[in-house]
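Form predicted alone, single chain, as structure tokens, below.
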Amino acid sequence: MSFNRLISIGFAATLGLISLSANATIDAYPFQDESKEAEFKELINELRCPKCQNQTISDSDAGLAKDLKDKTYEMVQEGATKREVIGYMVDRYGNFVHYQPPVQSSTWVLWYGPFAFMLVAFIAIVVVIRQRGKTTTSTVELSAQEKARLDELMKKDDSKS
């Protein structure tokens, strides 16, 4: 066997392994109804992987995300609504699993926290601007010696122009 033939076989084997690994990450969920497929894709992009940090179950390669995708597929195929699927996932994994958690006392920080932060920042900016305005508009009393020096400087300046 020639060296070139070995390189060709090695190159072909490498390409084959790469294509196998690429196909292994693509999950195939067959749908006969396009609306169910669209609902499935919407759901797997709305649900967060409980094991990963800030990844949807669509993006995650975790085994748990695969299980959640399978369960979502199963429920959508059985005719479950989007609300039922999300409710099922929230019952098992809490509000963390949904990127849009409901407005509850436990999620107030998520919903209202940014607005409260912006309000506090706005108030701080207004206070700082007001304090700067006070310092710039305050008058400084000059002593008699300083007034005389200022008049002298102004007269020199007027004589130049």
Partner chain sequence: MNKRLILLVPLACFLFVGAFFYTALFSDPRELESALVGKPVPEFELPDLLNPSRQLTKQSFGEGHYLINVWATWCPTCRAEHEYLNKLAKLGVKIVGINYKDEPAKARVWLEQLGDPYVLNVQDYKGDLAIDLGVYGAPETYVVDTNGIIVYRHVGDVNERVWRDKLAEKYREAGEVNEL
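We call the rigid core the largest set of C-alpha positions that still match within 1.5 Å between the two forms. Positions refer to the first chain, counted from 1. Model, not experiment: these values are computed from the prediction.
Unshown form predicted together with the partner chain; subsequent notes refer to it.
Just to confirm, Asp91 within 4.5 Å of the partner chain in the predicted bound form by heavy atoms?
Asp91: yes, in contact with the partner chain in the predicted bound form.
I'd like to know whether Pro50 contacts the partner chain in the predicted bound form, with contact meaning heavy atoms within 4.5 angstroms.
Flag for Pro50 set to yes.
Should Asn95 be classed as touching the partner chain in the predicted bound form when contacts are defined as heavy atoms within 4.5 Å?
Within the cut-off, so yes.
Is Phe115 a contact residue for the partner chain in the predicted bound form, using a 4.5 Å heavy atom cut-off?
Contact check for Phe115: no, nothing within 4.5 Å of the partner chain in the predicted bound form.
Which listed residue (Ser35, Gln131, Asn45, Gln100) meets the criterion of a heavy atom within 4.5 Å of the partner chain in the predicted bound form?
The residue in contact is Gln131.
Spell out whether the Cα of Ala38 moves at least 2 Å between the shown form and the other one when the two forms are superposed on their rigid core.
No.
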